[in-house]
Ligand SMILES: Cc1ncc(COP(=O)(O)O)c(C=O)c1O
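Given as structure tokens, the chain that follows is alone and in the form predicted on its own.
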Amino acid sequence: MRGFDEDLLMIPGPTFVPDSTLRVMSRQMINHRGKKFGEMLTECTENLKKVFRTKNDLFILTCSGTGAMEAAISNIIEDGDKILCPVYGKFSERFKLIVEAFGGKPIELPVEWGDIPQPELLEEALDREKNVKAVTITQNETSTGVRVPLEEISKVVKKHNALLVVDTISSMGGDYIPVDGLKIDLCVSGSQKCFSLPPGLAFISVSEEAWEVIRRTKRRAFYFSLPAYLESYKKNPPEQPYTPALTFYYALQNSLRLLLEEGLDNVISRHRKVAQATREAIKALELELFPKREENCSVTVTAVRIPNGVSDKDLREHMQKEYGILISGGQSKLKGKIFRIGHMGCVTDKEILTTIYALEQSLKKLGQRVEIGAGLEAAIKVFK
């Protein structure tokens, strides 16, 4: 998969793209208003619905995941609308910023970074703040390495007749997120994470409850107008309202076929196993996971506190220079305090064990007291 001179990307996206997917991107252009594209669009949409586990309308957008977040908010909001935004990392904070940008009134619910929003806190906020139109949740907060269970949160949100808007950009396709079962009204995701695609596509599912709000909302997006996407998809043949990035659709078609061929449950099981192996290795090296509780750790990225006496910059530079492995540092207020290992997409035990080996050796070289082999042994036990 990886070329000789390429770094091994063990970051929270973008991820490596399988060779078969890269090859299909070299195909010649087709008419994006023609039958061939309509058939491809239909296949991709229906297969994405299988990944999302939804019967709701679903649309493919030519943009990054942030574009899908903007689409979700811009289609439901009018000036002064209240949106409850728990903030527990950089990407949950992004929802708040988008609400502000479109004239809404974000009700920020601050949560300590490394922790998750608890259902009872949302309940208190929704009891206190009347007429909240929607609640935003980042299901997988890559900046802190936490995963938010949605079952109880969904019950609270629905009890208060608000829309549930969920960012699954870094987890859909790698974690079990049944959109319909969780009653998610607007669910967004992106191509460059668990789908093992290049950056450039985003996805959004829309419930009937969300459509009811969208239809009576005066303020509209233009490029991200969801009614425009619905109208175009109903044409014969189906199409997009604006020019799609055709090469990315070729890649998406192949990626979804690969996911379904492996089996969605198998894909999720693989992600859980590599995540567990990574955590066990980190603990065996006597390093500290950043999330407050291990049960809330992400299945697609592991965040680790930088040990005393080691520079985040030095650690990442050494791993890249000496072993060709790229991991991520902290973002925003966590810069210099944590490092993050991404394990999403087509990652296997091979990439995890290689990364753990390089981490052990790099920490030792930088003066950290570690037992060489302890992390590898712990990870191998998970894979046996």
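None of these values were measured; they are calculated from a predicted model. From 1 onward, residues are counted along the sequence shown.
Note that the form predicted together with the named molecule isn't included here; everything after this is about it.
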Within 4.5 Å of the named molecule in the predicted bound form, heavy atom basis, the matching stretch of 23-31, 57-65, 355-363, 319-327 is 57-65
Among I169, L252, V206, V135, which has at least one heavy atom within 4.5 Å of the named molecule in the predicted bound form? I169
Please tell me which of Q240, S74, S154, Q192 lies within 4.5 Å of the named molecule in the predicted bound form, judged by heavy atoms. Q192
Even though the named molecule is not shown here, does F290 get within 4.5 Å of it in the predicted bound form, heavy atoms only? no
Can you tell me whether T142 touches the named molecule? I mean in the predicted bound form, with a 4.5 angstroms heavy atom cut-off. yes
With a 4.5 Å heavy atom cut-off, would you call M69 a contact of the named molecule in the predicted bound form? yes
Can you tell me whether F91 touches the named molecule? I mean in the predicted bound form, with a 4.5 angstroms heavy atom cut-off. yes
Taking the named molecule in the predicted bound form, which residues along 209-240 bring a heavy atom to within 4.5 Å of it? none
